[in-house]
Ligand SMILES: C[S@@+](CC[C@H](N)C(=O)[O-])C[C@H]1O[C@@H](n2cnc3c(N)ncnc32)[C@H](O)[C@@H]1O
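One chain is shown next in C-alpha cells, namely the form predicted alone.
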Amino acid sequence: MNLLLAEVAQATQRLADAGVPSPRFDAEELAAYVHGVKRGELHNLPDADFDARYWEAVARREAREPLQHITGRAFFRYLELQVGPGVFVPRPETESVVGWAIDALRAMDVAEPLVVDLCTGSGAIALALAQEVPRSTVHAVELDEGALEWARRNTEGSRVVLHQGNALTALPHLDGQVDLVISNPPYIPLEEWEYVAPEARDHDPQMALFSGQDGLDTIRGLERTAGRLLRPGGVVVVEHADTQGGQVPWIFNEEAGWTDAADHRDLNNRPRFTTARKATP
C-alpha cells in the first residue's frame, strides 16, 4: 500500500468515527480533489506526491462541513456543478425525480416543450432538463440572492432562462402555456430541525429546507402555481420527504383541477416525489 492509500484508510476511519455517512467515498473524493486526479487514479500517485493539505480537508469534513463545499463541486446526473455556502447542495435522490420528468417530456407530442423549475437553487434540475431534452425551453426561478448567484454561474452559457422571484407568484406571462412544472421545494417540518443531518442543518440555506409545521406549506403553494402555469394536460413533478408520500398526492386532488395524482419511489424504494396532470376541460 502506498502512502496516499494508507492515509486514505486513516481518513476513512476518522470520518466514520465522526458519523459521516459515506466515509470511504468521502476520504477518496477529498484525496482526488486535493491531488487533482480522479478517484480511480489515486493508486497511481507516487508517495512523493502526497499533499499535506489533505488532512486540512479531512478535518473540515470531520467537522461535518459538506463534502461539496470543500471541493466546490457537486455531481448531478451528467453535470458537474459549482456549489458552496449559500446554496442547497443537490442530492442523488433528486436524480430519479428529474429522470421521470425527462421521460414525461419525451413522451409528450410537443416539438419544443416549455418547462418551469421552481426553487431552482443551484440550477441542477433546470440544467439537467435543458441538456437531456435539447429542444426544450427551461425557465428557472429562485428567490434567494445567494442561491441565485450560484445558479447564475452554473447556467451561464446554457439555454436555461433564470429569474429571481417568488416561486408562488412567478412567471404570470406563462400562465396556461407550460408543459411541465418541476420543483424540489423546502419540505422539512420545523419541528424536525434537530433530526436533520448537520451537513444540511448547519450549511444549507434554511429557506431551502423548512416549510411550516408539517413541511407542506410550500408544496401547497406550488400546487396553485403549477395549476396556473400549466396548459391542460401538462404535468407537475414535486419532490417531498419519504415520510410525506401519503400526503402530497392529496394536495393535487380532482377538486383542484388535477388528474392522475400519484406517488413514486426512488432507487432506495422510498416514496420520494408526486406527479399529477392538469385536467382537460
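In this text the structure is predicted, and so the values were computed from the model without any measurement. All residue numbers refer to positions in the sequence shown, first residue = 1.
What follows is about the form predicted together with this ligand, which we do not show.
Exercise for the section: Flag this candidate site as yes only if P90, D144 and A208 all have a heavy atom within 4.5 Å of this ligand in the predicted complex; otherwise mark no. Expected result: Each of the three qualifies.
Handout entry: Proximity of P189 to this ligand in the predicted complex, heavy atoms at 4.5 Å
Key = Output for P189 is no: heavy atoms all beyond 4.5 Å of this ligand.
Handout entry: 4.5 Å heavy atom contact, A128 to this ligand in the predicted complex
Key = Contact with this ligand, no.
Problem - Contact flag, N154 vs this ligand in the predicted complex, heavy atom cut 4.5 Å - result: N154: no, not in contact with this ligand in the predicted complex.
Handout entry: Exercise: S158 in contact with this ligand in the predicted complex, heavy atom 4.5 Å
Key = Result no; S158 lies far from this ligand in the predicted complex.
Handout entry: Which of 67-75, 105-113, 192-200, 163-171 sits within 4.5 Å of this ligand in the predicted complex, heavy atom basis
Key = So the stretch in question is 163-171.
Practice task
Would you mind picking the one in V138, V178, C119, A101 that has a heavy atom within 4.5 Å of this ligand in the predicted complex?
Solution key: Contact with this ligand in the predicted complex is made by C119 alone.
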